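Only one chain is included here, represented as structure tokens and corresponding to the form predicted alone.
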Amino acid sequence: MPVKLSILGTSAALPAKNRNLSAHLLEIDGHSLLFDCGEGTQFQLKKYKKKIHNISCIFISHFHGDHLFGLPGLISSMHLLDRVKPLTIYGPEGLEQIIKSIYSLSKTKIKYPIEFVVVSGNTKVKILENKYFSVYSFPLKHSIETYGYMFEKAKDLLNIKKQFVKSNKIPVEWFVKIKQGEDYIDDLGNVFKNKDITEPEKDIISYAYCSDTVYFEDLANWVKNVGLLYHESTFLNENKEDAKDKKHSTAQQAAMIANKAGVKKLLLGHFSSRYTDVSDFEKEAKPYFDNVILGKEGLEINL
């Protein structure tokens, strides 16, 4: 099953020219997962031809407007478009109260069921698991309670080497066992090690979403070896004191986390509106971590 990430917004706090507020959409086998929902997210979904009814889960990192204010509008649009299937929304304590207050005051009864799941804790926690993927949460360090999320695709079944299949009469019931990692034992009692009769395992597809956070090294342990790390880079290093004061990170600091965690690829975003040209973010990060991508509205990444 292919996994695709679409970048819907890369600006921090304020919208900037050609930059919208924070939102990432992850698509896998007809499921869509939305990470944060800044103001204007539903317009971005429409612009890039994304089906909002495919969104099954929304993960909110924290309650600052550039990550949250698009959520009531998106929920309302789903309601007006006669959504019936359930929606699950993950976020810090208080999110359910915020959303329900809005619809209570407007006397709107949402037609479809919404489940709110409270995210909490001071370490990495699995919050969702199904046959396709798992999602974990972990705390970030910002000016208010904030969480990051990590998506991990379920392991694919192993592929049996074609030559081994041709050379051996393998009973049908053994195919699934071998694909699941078992050694094969033939009718004569001969044992064939699974690693010798299957193709090498592919790397697990994974993606971590680290929104607003100050630099702290423990984060590297929670995103260790992830395939694609999104890490906010609100400021350039010349403004590192602003980053420290406002509990944000620089491009250099994001790259340092990527390097320490041994991730495969780093995606930068959440650029302050003070920067009209963001190319310097890549230049600043590359000496510390080479495989860097700059977030851009409409960018699609196949994981």
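Remember, it's a predicted structure, so these values are computed and weren't measured experimentally. Start at 1 and count along the sequence shown; that's the residue number.
Absent from the display: the form predicted in complex with a further copy of the same chain. The rest refers to it.
Full three-residue contact with a further copy of the same chain in the model of the complex, heavy atom 4.5 Å, for Phe69, Gly94 and Ile102: The answer is yes; Phe69, Gly94 and Ile102 each reach a further copy of the same chain.
Stretch in contact in the model of the complex with a further copy of the same chain, which is absent here, among 232-240, 257-265, 274-282, 59-67 (heavy atoms within 4.5 Å): Stretch 59-67 is the one.
In the model of the complex, Leu14 touching a further copy of the same chain (heavy atom, 4.5 Å): Although a further copy of the same chain is absent here, Leu14 would touch it in the model of the complex, with heavy atoms inside 4.5 Å.
Any non-hydrogen atom of Thr41 within 4.5 angstroms of a further copy of the same chain in the model of the complex: Answer yes; at least one heavy atom of Thr41 falls within 4.5 Å of a further copy of the same chain in the model of the complex.
4.5 angstroms heavy atom contact with a further copy of the same chain in the model of the complex for Ile98: The answer is yes: Ile98 has a heavy atom within 4.5 Å of a further copy of the same chain.
Partner proximity in the model of the complex: Ser77 to a further copy of the same chain, non-hydrogen atom cutoff 4.5 Å: Because a heavy atom of Ser77 falls inside 4.5 Å of a further copy of the same chain in the model of the complex, the answer is yes.
Residue (of Lys244, Lys46, His53, His31) lying close to a further copy of the same chain in the model of the complex, criterion heavy atoms within 4.5 Å: So the residue touching a further copy of the same chain in the model of the complex, by this definition, is Lys46.
The unique member of Asn190, Ser106, Asn130, Asn122 whose heavy atoms fall within 4.5 Å of a further copy of the same chain in the model of the complex: If I apply the 4.5 Å criterion carefully, the residue I get is Ser106.
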